[in-house]
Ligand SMILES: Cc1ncc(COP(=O)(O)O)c(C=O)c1O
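Heads up, the chain below is alone and in the form predicted alone; it's given as structure tokens.
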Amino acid sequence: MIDLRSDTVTRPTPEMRRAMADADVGDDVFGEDPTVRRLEEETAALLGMEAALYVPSGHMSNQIAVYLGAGSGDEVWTHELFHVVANEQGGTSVLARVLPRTFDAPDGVPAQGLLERWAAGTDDVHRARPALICLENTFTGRVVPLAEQRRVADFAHAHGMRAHLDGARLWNAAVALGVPPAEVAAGMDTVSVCFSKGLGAPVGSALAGDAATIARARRARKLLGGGMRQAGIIAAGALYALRHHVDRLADDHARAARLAAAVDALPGLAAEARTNMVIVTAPEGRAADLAAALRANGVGCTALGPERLRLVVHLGVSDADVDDAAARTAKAAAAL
């Protein structure tokens, strides 16, 4: 099986395993794990933030950001497909008790006119108070233009709202744009980043922001059951990934482009490379059939709807795997 379902399926490299085995550890709830502290400090520095908090998952990181960024009954503005509302079991409503107000935009960025309409009449006592805008970069592999991202964040701040960025694949965006990670995070109040997606660590994400927000986030992590003890063992894997696996994301992007070109040349299929993802458009309504045919030919994939599916290139995919996956996709397409 060439597993292209997600970049979460990677396994630790031998070097990462050695770093984990040799990790210096302590009780992280007491703030005494030196490896966790180094990971948090280096993450915050890379993102241009004052502080960061290591958490078990991006799900927890996003939900803490919403919990801190909006009060019970407040409005949170987000794309209808962003992970924070579409892939986290309604956590914004269950945990923070906020009202999501969702928009639809192909590039993941709300139009200025929409923001202005939504911001009108916010003093009306019948309406929930807008408190937080959430963005995501990359969005289904697509890099969100930084000028557009900052436009939305500036709008939020001008209207008394906060801005959160789900940057699970922010590292991919930074590499694709050729800019420091801090430039992708600029203007946001909080940023979530992932160490397993793309970077290949076995566990963990981080929430970054100003020192006061992250101090509150530490309490929220404990409230949600995310307090960890000798977490340096897993943090060492994340720290190794952060130090050694960011620049190599360019290899994933190049392989995704090669795979997309090969698939796009197949009769009846269209394919587009978006950083490390290949979005494949199947004949009308036949994405599920194509996905089943791919699996039968030993290629793992993820259906995105009736007409599209996703192939994700990652640390565990070689040049030979890309060529093999393209050949297997050709067989799968011919079987439709």
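A quick note: this is a predicted structure, and the numbers were derived from the prediction, not measured. Start at 1 with the first residue shown and count on from there.
Another form exists, predicted in complex with this ligand; not displayed. Remarks below refer to it.
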Distance check, A168 to this ligand in the predicted bound form, heavy atom within 4.5 Å: yes
H245, heavy atom within 4.5 angstroms of this ligand in the predicted bound form: no
is_contact(S57, this ligand) in the predicted bound form, heavy atom dist at most 4.5 Å: yes
Partner proximity in the predicted bound form: T213 to this ligand, non-hydrogen atom cutoff 4.5 Å: no
Contact segment among 114 to 122, 81 to 89, 151 to 159, 225 to 233, judged by heavy atoms lying within 4.5 Å of this ligand in the predicted bound form: 81 to 89
In the predicted bound form, the residue from L249, C194, V143, A185 that sits within 4.5 Å of this ligand by heavy atoms: C194
Sequence-ordered list of residues in 128 to 153 near this ligand in the predicted bound form, where near means a heavy atom within 4.5 Å: E136
